[in-house]
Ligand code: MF3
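So this first bit is one chain, no partners, the form predicted on its own, shown in structure tokens.
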């Protein structure tokens, strides 16, 4: 799991660096694919029937499960990259949202988007802080939801974090909102993919015409932050791309 997470972190960093005005989603996906293979990993998403890409890439009102396309990024886009790595049968999962900055105007709009993304990132770390032995899943959920909804945004209720390990998606489900002190107990060695999936507007999402991509029902902006962690006396983050 640690090696898998290290590969995922390095890949996410390279993918985020590749996002620039004029670059396509498919080009970023290719960067991620090459990096995973170069580092000795494999594509976790190959285990999802019908999916052939290294990443899911979503833009603006898209929430999760976006299929990489030939769409080019433009100044002011919010871009979320979600990727998972398999190493010797062990999976890790991570995601991050960023603002594309070019030479366009509209700094006020960018400032609002920056604030929106900062809240999501802070919610992720607050949730991770609760991933310690003896706590419950609800402690993670309450920390995330309190930050997001206390800031005036909405947690997407129908999409959740999850356990991760021998499979990409395992129990328990980890909602982004909930009640502290409820749910399954976290034990030492549990491996979790903690996710912050949220919207600037309403919490409802709809499935796009490609039958993969979820987007906000009201076309408001969405954000996505995710890290894989090991539950311990203090959560051990496996996929922190900022530290590789």
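Numbering follows the first chain given and starts at 1. Quick caveat: nothing in here was measured; it's all calculated off a predicted structure.
Just so you know, the form predicted in complex with the named molecule exists too; it's not on screen, but the next bit is about it.
The single option of 180, 217, 48, 39 touching the named molecule in the predicted complex, heavy atom within 4.5 Å:
Partner contact (heavy atom, 4.5 Å) among the options: 48.
Taking 4.5 Å between heavy atoms as the contact cutoff, choose which of 169, 157, 136, 101 touches the named molecule in the predicted complex.
By the 4.5 Å criterion, the partner-contacting residue is 169.
Name the stretch, out of 147-155, 72-80, 119-127, 161-169, where some heavy atom lies within 4.5 Å of the named molecule in the predicted complex.
Selected stretch: 161-169.
What I'd like checked is whether 65, 93 and 212 together line the named molecule in the predicted complex, meaning each has a non-hydrogen atom within 4.5 Å of it.
Every residue of the candidate spot has a heavy atom within 4.5 Å of the named molecule in the predicted complex.
Contact flag, residue 186 vs the named molecule in the predicted complex, heavy atom cut 4.5 Å:
The answer is no: residue 186 has no heavy atom within 4.5 Å of the named molecule.
Find out whether any non-hydrogen atom of residue 25 is located within 4.5 angstroms of the named molecule in the predicted complex, and reply yes or no.
Residue 25: no contact with the named molecule in the predicted complex.
Does the 4.5 Å heavy atom contact test between residue 205 and the named molecule in the predicted complex come out positive?
No.
Given that the named molecule is not shown alongside this chain, does residue 199 nevertheless sit within 4.5 Å of it in the predicted complex, heavy atom to heavy atom?
Close contact is absent here: in the predicted complex, residue 199 is far from the named molecule, nothing within 4.5 Å, heavy atoms only.
Partner contacts for 216-241, taking the named molecule in the predicted complex and a 4.5 Å heavy atom cut-off
Counting only heavy atoms within 4.5 Å of the named molecule in the predicted complex, the single contacting residue of 216-241 is 226.
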